[in-house]
Ligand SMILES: Nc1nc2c(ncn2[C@@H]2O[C@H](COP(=O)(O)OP(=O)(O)OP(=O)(O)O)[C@@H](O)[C@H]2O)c(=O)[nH]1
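This document starts with one chain, in the form predicted on its own, laid out as structure tokens.
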Amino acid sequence: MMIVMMIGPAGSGKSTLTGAYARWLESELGARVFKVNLDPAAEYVPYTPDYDVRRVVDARRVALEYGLGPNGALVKSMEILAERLDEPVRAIEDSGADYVIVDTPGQMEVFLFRDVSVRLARALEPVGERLCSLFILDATAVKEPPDYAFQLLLAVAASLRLDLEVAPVLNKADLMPASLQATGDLHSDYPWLSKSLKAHRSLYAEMLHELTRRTLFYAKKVRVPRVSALKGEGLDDLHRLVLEMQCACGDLT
């Protein structure tokens, strides 16, 4: 059983990619896929979850019960989920699937910045043959080099935070500005990114330049797949990356 966690900023296309990748695995490989929705505030997910956290905790009900606003309800929902992680973990363990895709909450910070993410990763490690994560970079959110640098830093920080093999995936690549030379790999992009950040002449860009320079030490070189979840493009490259992450050799280039 290969377990893949989808993480990334709100609107990056985690749920759409979860559905698209699951359909690709089923149609191209005949694989048994178990899809997990961990977003307690999701109004709609573009796939049918095999495990839906909203059966355990629903952010709307939490908001009413505790008198909280939307963000407070999400945080409280994550606290409740953290105490009941045995339920989704048991469902995954009993699924008998070849692949499990875990679609994490849309608001990345309520999941990744709280201990529920680390506790989930530790609980899932002994369940499958391999556990990895894909950090979904949103090409449409990249208007200037500092925007791109910030997303790359988040991807590396997520890997260190979860202590997992985390690889970036560039989603909505068909909508990326043609002038942007982004590959999704910090090592490959650093020469032009460093030059662009220096030329940007803002304190924000100056800070990001220093951070990206230091982050090179912690980032793995990786051949980043460029995908369009909405169009179903690039999924074979994404799957090749997942297989490489499954390999013990650790070479993602």
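In this text, residue numbers run from 1 along the sequence as written. The shown structure was predicted, so the numbers you read here are calculated from the model rather than taken from an experiment.
If you look for the form predicted in complex with the ligand, you will not find it shown, but the lines that follow are about it.
Visitor: Only one of these stretches, 144 to 152, 170 to 178, 122 to 130, 76 to 84, has heavy atoms within 4.5 Å of the ligand in the predicted bound form; which one is it?
Guide: Selected range: 170 to 178.
Visitor: Although the ligand is absent from this view, report whether A229 comes within 4.5 Å of it in the predicted bound form, heavy atoms only.
Guide: Flag for A229 set to yes.
Visitor: Would D185 count as touching the ligand in the predicted bound form under a 4.5 Å heavy atom rule?
Guide: D185: no, not in contact with the ligand in the predicted bound form.
Visitor: Tell me, yes or no, whether D39 is in contact with the ligand in the predicted bound form, where a contact means a heavy atom of each within 4.5 Å.
Guide: D39: yes, in contact with the ligand in the predicted bound form.
Visitor: Quick check on G106: any heavy atom within 4.5 Å of the ligand in the predicted bound form?
Guide: It does: once the ligand is placed as it appears in the predicted bound form, G106 has a heavy atom within 4.5 Å of it.
Visitor: Can you name the residues of 1 to 19 that have a heavy atom within 4.5 Å of the ligand in the predicted bound form?
Guide: Contacting residues: P9, A10, G11, S12, G13, K14, S15, T16.
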